[in-house]
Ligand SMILES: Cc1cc2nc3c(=O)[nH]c(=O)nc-3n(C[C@H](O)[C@H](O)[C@H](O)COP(=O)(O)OP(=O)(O)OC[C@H]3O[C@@H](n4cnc5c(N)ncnc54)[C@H](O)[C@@H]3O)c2cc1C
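Okay, so here's just one chain, in structure tokens, the form predicted alone.
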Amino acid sequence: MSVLVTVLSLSALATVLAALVVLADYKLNNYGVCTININDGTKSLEVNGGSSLLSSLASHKVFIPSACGGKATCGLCKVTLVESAGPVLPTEEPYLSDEEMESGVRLACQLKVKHDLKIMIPEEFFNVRQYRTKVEEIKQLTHDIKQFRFKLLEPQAIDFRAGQYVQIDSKPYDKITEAVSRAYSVSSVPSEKNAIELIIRLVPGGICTTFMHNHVSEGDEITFAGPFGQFYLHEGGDELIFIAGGSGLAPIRSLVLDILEKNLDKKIKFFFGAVRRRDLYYVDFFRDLEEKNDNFTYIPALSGATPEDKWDGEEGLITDVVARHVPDSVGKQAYLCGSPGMINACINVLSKIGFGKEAIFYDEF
């Protein structure tokens, strides 16, 4: 018992000391006004030192992708420093290769602006905007998944590629005192420019998903930034293998609608994995698309069907179902969206039948 008390005491002491260090840094270190030079002078910003590079850029409407909202759990907010800004932090190391670290790549959420910086970012980030929207419609799709439709207020139109995502800004609620930003894939078709739809699953303990599910109503105003992401249709591939689970259906829906609307010469097989029948949604929607389009095949599967599901479709893990229906990789590309575990399992199966890395696409968030 005394050992446990000692451990808890030390842990509490460490937490207090860490908080004091942060507070002391904030109070004692006045970094003044710092200049951030972006892409050799393409843009130059003056910011108050002391905040993260990610938030400093966002305050000047330069938005870097960050699916985790700056918590160092997604590794998406990579920028390249032209000059060193100190050693790479332990929180950054898991997301950076040796080559990236040697070439000055850092995570913007972990890099504090303490002096003038020169950075390089992809030019496309200059086109990312912040949008003010009105929640036009909310639909309950399953017990834990909702669809949100947002009408754009300012700007009134958005250009994005099917498969990309936006970052929703939450607002403080209950005991949550800070706003956060989280990434959600667009599920609507790009040709509809004055509104977008998102499919959001309620994650237990998730700050933004709880906000969206429990504290947002039709008529509310919400802001988001975007579009972001490289998960869109790439050149090549006569046949497209789409694999998704849960809310991962969102970008696949956008891709399918876009391809069919443009009448592209592509064969599509869409595999959607769920546990029980209650976890399936948009079934009639995709069945209807399948009836109307010879090149589109929809294959839902349940991994934990019970007699009460009265299920006569495919059963088993979605990877097993894919293996039964996709014999080889010739002329094919694969697009994956789901949990990290599902994506890794799918890559495993696809690799065994000849898919190379260049033919498998997914977003890492």
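Note that the structure is predicted; figures quoted are calculated from it, not measured. Start at 1 and count along the sequence shown; that's the residue number.
In what follows, reference is made to the form predicted in complex with the ligand, a form of this protein that is not presented.
Which among 116-124, 268-276, 150-158, 198-206 is in contact with the ligand in the predicted complex, heavy atoms within 4.5 angstroms?
In the other structure, the partner sits against 198-206.
Just one of Ala67, Ile299, Ala334, Val326 has a heavy atom within 4.5 Å of the ligand in the predicted complex. Which one?
It is Ala67 that has a heavy atom within 4.5 Å of the partner.
Could you work out which of His143, Lys139, Lys292, Lys71 is the residue within 4.5 angstroms of the ligand in the predicted complex, going by heavy atoms?
Only one option qualifies, and that one is Lys71.
Residue-level question: is Ser185 within 4.5 Å of the ligand in the predicted complex, judged on heavy atoms?
Contact with the ligand, yes.
Hey, in the predicted complex, does Tyr165 get a heavy atom within 4.5 angstroms of the ligand?
Close contact exists here: in the predicted complex, Tyr165 approaches the ligand to within 4.5 Å, heavy atoms only.
Is Ile252 close to the ligand in the predicted complex, meaning a heavy atom pair under 4.5 Å apart or at it?
No, no contact at 4.5 Å.
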